[in-house]
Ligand SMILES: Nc1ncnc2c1ncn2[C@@H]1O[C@H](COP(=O)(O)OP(=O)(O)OP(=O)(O)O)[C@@H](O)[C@H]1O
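Below you will find one chain, with nothing else, as structure tokens; this is the form predicted alone, and questions on how it binds or moves follow later.
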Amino acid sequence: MYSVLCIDDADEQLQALTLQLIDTYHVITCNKPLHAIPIITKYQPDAVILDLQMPKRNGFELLSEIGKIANPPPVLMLSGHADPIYVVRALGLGAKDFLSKPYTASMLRHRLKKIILSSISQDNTEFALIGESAAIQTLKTEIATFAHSDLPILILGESGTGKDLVAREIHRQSSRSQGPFVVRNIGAIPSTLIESELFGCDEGAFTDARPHKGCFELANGGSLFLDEIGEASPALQVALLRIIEDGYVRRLGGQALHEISFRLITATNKNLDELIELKCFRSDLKYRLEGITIYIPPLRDRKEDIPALAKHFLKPYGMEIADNALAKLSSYLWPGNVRQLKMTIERAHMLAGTGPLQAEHIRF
């Protein structure tokens, strides 16, 4: 059964969504938008239903935050607005679909199923690391070479280059592929929750504490991917170093030591050497994380891959792309890399209608 996180500040709307979906999906609800990212990080739902109009943090702002998570879930945006401006903006920020109110329960379930199945299909095909450039061929070779080692891997690359996809492909090709693949975005976990998220806790650790395993235990026998490792606090760096060296974890409020074995994969778009000079990152931890270092080149350094990527992102829509559109895409520097290209293609698809996609449909 697929899981769906419904985010809306109105409890009555969450109750209505739950009643419409509970026979088909495992429904998780969130009535406080500020808590949404930690909930997504913890439960890793297969999809998110997000309301547009919410206080403190509107749907567009939260949608942008969700897009920064490693391997973000597909988002279905709900709104009382049917204006094309809202639709284009939502899709440009990463939403997979936009459903205007009022709608029927069958329509909601149909659209939700579509984005979940589309996401699963894309996950399976994007592992191929599309492109034939020398840079991407080197990357594929490195992944195949290093996947079977148990040495920690540090993935370096600018935002949007696909560090999460590379981490997943390393796990898929490894001897631990039948084990769990646990993802945590260090930059997205509130400091008040990070110890509980990573180490877990036993009953009585703090008020209303619910016993649970942390991500280190959850990854036992598989791989643990910690994205944005450059955001790790000094306390977390010390704890991580200790776990790498000892192979044991103690839950908050607990006394027992739990032996763990997982492949550690970390990623960052920051220069760790510069952080070390600023005394923001431990050099001894860096040396332990970079047992193997993999660098993902930015899209501007492998522009010959842009046509293949563009056609891949258009494949689910069965749409052709004109040569003038490919030329326009290839002339751009892509500061947001492959993620920006994907969003640009999806936005252009909406503007092109039945296609083919032309240069005039592409907006940066």
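Just so it is clear, the structure is predicted and the values come from calculations on it, not from any experiment. All residue numbers refer to positions in the sequence shown, first residue = 1.
Another form exists, predicted together with the named molecule; not displayed. Remarks below refer to it.
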| query | finding |
| --- | --- |
| Contact label in the predicted bound form: V338 to the named molecule, heavy atom within 4.5 Å | yes |
| Proximity of P72 to the named molecule in the predicted bound form, heavy atoms at 4.5 Å | no |
| L309, heavy atom within 4.5 angstroms of the named molecule in the predicted bound form | yes |
| The named molecule contact in the predicted bound form: F313, any heavy atom under 4.5 Å | yes |
| Contacting member of S283, S100, S159, S149, with respect to the named molecule in the predicted bound form [4.5 Å, heavy atom] | S159 |
| Option touching the named molecule, based on a heavy atom within 4.5 Å in the predicted bound form, out of L129, L91, L272, L236 | L129 |
| Segment that reaches the named molecule in the predicted bound form - one of 163 to 171, 191 to 199, 286 to 294, 141 to 149, heavy atoms within 4.5 Å | 163 to 171 |
